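Quick heads-up: it's one chain on its own, the form predicted on its own, in structure tokens.
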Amino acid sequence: MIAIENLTKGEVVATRTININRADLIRYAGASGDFNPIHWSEATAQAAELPGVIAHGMLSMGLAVDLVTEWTNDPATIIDYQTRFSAMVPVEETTHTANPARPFDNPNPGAQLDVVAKVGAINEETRVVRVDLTVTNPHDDNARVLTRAQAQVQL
């Protein structure tokens, strides 16, 4: 259990690099029901003048906040989560580098996100901590993928 008394504003509480490949996009589309072809069809993405197939914004948002879930070890502690989408995450095709018999086990990412979770504010009276997430794309000059990504955590 996290002791609010031991936290300090500005403290980095977790970091992670998240790998994303096209198989992840397919799985997310099935789970979310978002089958927009810009998330799986190179031709559709190019016709829409995108840099290629892009990750779902909500997938990026969910992968980022999972870092907070692991830090707290309890998803129920997250009482609010908000962000703004600020950059696309192109996902290169790497399926050809995977074992054809196991395409969903592809170890080669088509994209990466770097996530840093930092204590942004502490309210000792309500025992709520604001965790600020910095989410960047190291393959796009560290472009910020999400801005003002903030999770309110009830400790």
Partner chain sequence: MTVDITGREYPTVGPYHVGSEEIRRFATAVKNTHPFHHDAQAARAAGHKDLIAPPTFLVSIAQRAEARMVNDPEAKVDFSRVVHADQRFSHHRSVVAGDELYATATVVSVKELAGNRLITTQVEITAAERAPVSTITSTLLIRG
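Just so it is clear, the model here is predicted, and its values are computed rather than measured. Numbering follows the first chain given and starts at 1.
This protein has a second form, the form predicted together with the partner chain, left out of what is shown; the following refers to that one.
Proximity to the partner chain in the model of the complex, defined as a heavy atom within 4.5 Å, holds among V129, V53, M61, V115 only for M61. Using a 4.5 Å cutoff between non-hydrogen atoms, E125 does not count as a contact of the partner chain in the model of the complex. Contact between A121 and the partner chain in the model of the complex is not found at the 4.5 Å heavy atom cutoff. In the model of the complex, the partner chain lies farther than 4.5 Å from every heavy atom of S41. In the model of the complex, the partner chain stays beyond 4.5 Å of every heavy atom belonging to E92. Residues of 59-82 placing a heavy atom within 4.5 Å of the partner chain in the model of the complex, in sequence order: L59, M61, G62, L63, V65, D66, T69, N73, D74, P75, A76, I78, I79, D80, Y81, Q82.
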